[in-house]
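As structure tokens, one chain now follows by itself in the form predicted alone.
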């Protein structure tokens, strides 16, 4: 009993923080299930008189063509994540195991991409994309998302590869494996946990990005889903139940990704902390 009383303040703080986190989530769900009339006449915590979620969803998809933008974001997230995993894992292996000259300085130069606010890149990237005819193209969007995500992903892979015993690499050399074969046959099969961390973090970031999607794309056929949701607000704030419905709908892919990768994600986070 005394032990429980000592921990009671901690539990109280945790419960309070949980409620604070759940409040905007629950209110968003409630608003998405309301009609415009219910939203105007009720407070945010009142239950809707009728379930309008699916009606709102059909209206939003038909009127704002969200499925087009949804397909764009799926492509950007998938392609960008694949490019990032390949490039960052190879770079991490090279820096840790091949150890070129100034390898740590090279790592710092690449990792420095996470130290500056992304707004600094907008003007030079915008001008570069215009020069190379990459502005308002799907190829350009995949390239910028891949480039932005590589520094953090390299940090994850580098930290993980430093934990792999060198004896395993030496055994692969005795079996006749060169650096490429060692990377493909030895290091990659053991990289499921960090790969899950990279895939979840970077795919979610790409999916939720608004800044680069709004600046580097213009056409409806190129813009990602978050830009389409943002434009629903219009000049007068838009129809709030419709917007909340779109927000809930566009959150489903990232939630499903976390559910699928949760086992490897937890393992990868433990490895990242311990390393």
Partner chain sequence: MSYVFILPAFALVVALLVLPMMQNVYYSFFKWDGISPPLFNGLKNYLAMFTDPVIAGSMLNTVIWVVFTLVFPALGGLVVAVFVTGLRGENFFKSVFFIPLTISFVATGIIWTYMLGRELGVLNGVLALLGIPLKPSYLTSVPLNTFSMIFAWTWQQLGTNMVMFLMGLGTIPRDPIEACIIDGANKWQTFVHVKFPMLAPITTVVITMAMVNSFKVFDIIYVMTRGGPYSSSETLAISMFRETFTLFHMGYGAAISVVLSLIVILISAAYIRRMTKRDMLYY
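Model, not experiment: these values are computed from the prediction. Definition used throughout: the rigid core is the maximal C-alpha set that superposes within 1.5 Å between two forms. Residue numbers count along the first chain shown, from 1.
Below, we refer to the form predicted in complex with its partner chain, which is not included among the displayed structures.
No residue of the trio 85, 165 and 199 has any heavy atom within 4.5 Å of its partner chain in the predicted complex.
The shortest heavy atom separation between residue 52 and its partner chain in the predicted complex exceeds 4.5 Å. In the predicted complex, no heavy atom of residue 79 sits within 4.5 Å of its partner chain. Among residues of the shown chain, residue 203 is not one whose heavy atoms approach its partner chain to within 4.5 Å in the predicted complex. Contact annotation: residue 191 falls outside 4.5 Å of its partner chain in the predicted complex, judged by heavy atom distances. Only one of 155-163, 168-176, 191-199, 71-79 lies within 4.5 Å of its partner chain in the predicted complex by heavy atoms, and it is 155-163. Along 114-151, a non-hydrogen atom within 4.5 Å of its partner chain in the predicted complex is carried by 114, 115, 116, 117, 119, 120, 121, 122, 123, 124, 125, 126, 127, 128, 129, 143, 144, 146, 147, 148, 150, 151, in order along the sequence.
In a rigid-core overlay of the protein, residue 38 has its C-alpha displaced by at least 2 Å between the shown form and the other one. Once both forms are fitted on their core, a CA shift of 2 Å or more is seen for residue 27 between the shown form and the other one.
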